[in-house]
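Just the one chain here, laid out as structure tokens, in the form predicted on its own.
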């Protein structure tokens, strides 16, 4: 089974991802937020790439149980009910609701994965659950594994790479015959260098520093808590309805 990592979704063609097993990682913060939302009982999450798409979808659905969620520049979009902070996605706020989510990086990455055979949303908070879900797939050797790091504004993201490296480290313990591409070997090296202090790494990353500067330091602590949420959200075509629980 071959494992490959991409450091940004922007050069990817969705057709190239057809029938692959994919994990999308956006530690700060979409993957963490989606995992919290599904754990809190959201009926579904629909990731979209733009504000205009979000507005169009919510207009077509025209339901009081549908919520507009998302951020630009890390801050909640004006007129949207929720932003991209996992702290907002409580049971009271999202249980039974359909969430239309647009974010700068993570939601864009998820829109590229609609033709995947399997697509999981991974982060530190559900890392072991994601590894277990991958290891239990009967067809992983046929599909291979593609990890998409959402990055930050078309650029490399340290926190996503460290998460991918830890994920591959744990997965290789379950699948020792896994073949690593150069990109996969790179995230293993990044994890070995920066993975000794996840919270410190997230705090000192470029995006972590930015989130702190705009008042979201608590989100960094939340995102660094390994295995705090034992579920794996699953994207099926364009909608996250299913979650795998452990």
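Numbering follows the first chain given and starts at 1. These numbers were taken from a predicted model, which means no experiment stands behind them.
Separately, the form predicted together with a small molecule exists; it is not shown, and the next lines address it.
S.K.: Just one stretch in 47-55, 203-211, 175-183, 189-197 has heavy atoms within 4.5 Å of the small molecule in the model of the complex, so which one is it?
M.R.: After filtering at 4.5 Å, what remains is 203-211.
S.K.: Name the single residue among 111, 169, 128, 104 that comes within 4.5 Å of the small molecule in the model of the complex, judging by heavy atoms.
M.R.: Of the candidates 111, 169, 128, 104, 104 is the one lying within 4.5 Å of the small molecule in the model of the complex.
S.K.: Although the small molecule is absent from this view, report whether residue 37 comes within 4.5 Å of it in the model of the complex, heavy atoms only.
M.R.: Heavy-atom contact with the small molecule at 4.5 Å: absent for residue 37.
S.K.: Taking any heavy atom pair closer than or equal to 4.5 Å as contact, tell me whether residue 28 reaches the small molecule in the model of the complex.
M.R.: Heavy-atom contact with the small molecule at 4.5 Å: present for residue 28.
S.K.: I'd like to check something about residue 144: if you look in the model of the complex, is any of its heavy atoms closer than or equal to 4.5 Å to a heavy atom of the small molecule?
M.R.: Heavy-atom contact with the small molecule at 4.5 Å: absent for residue 144.
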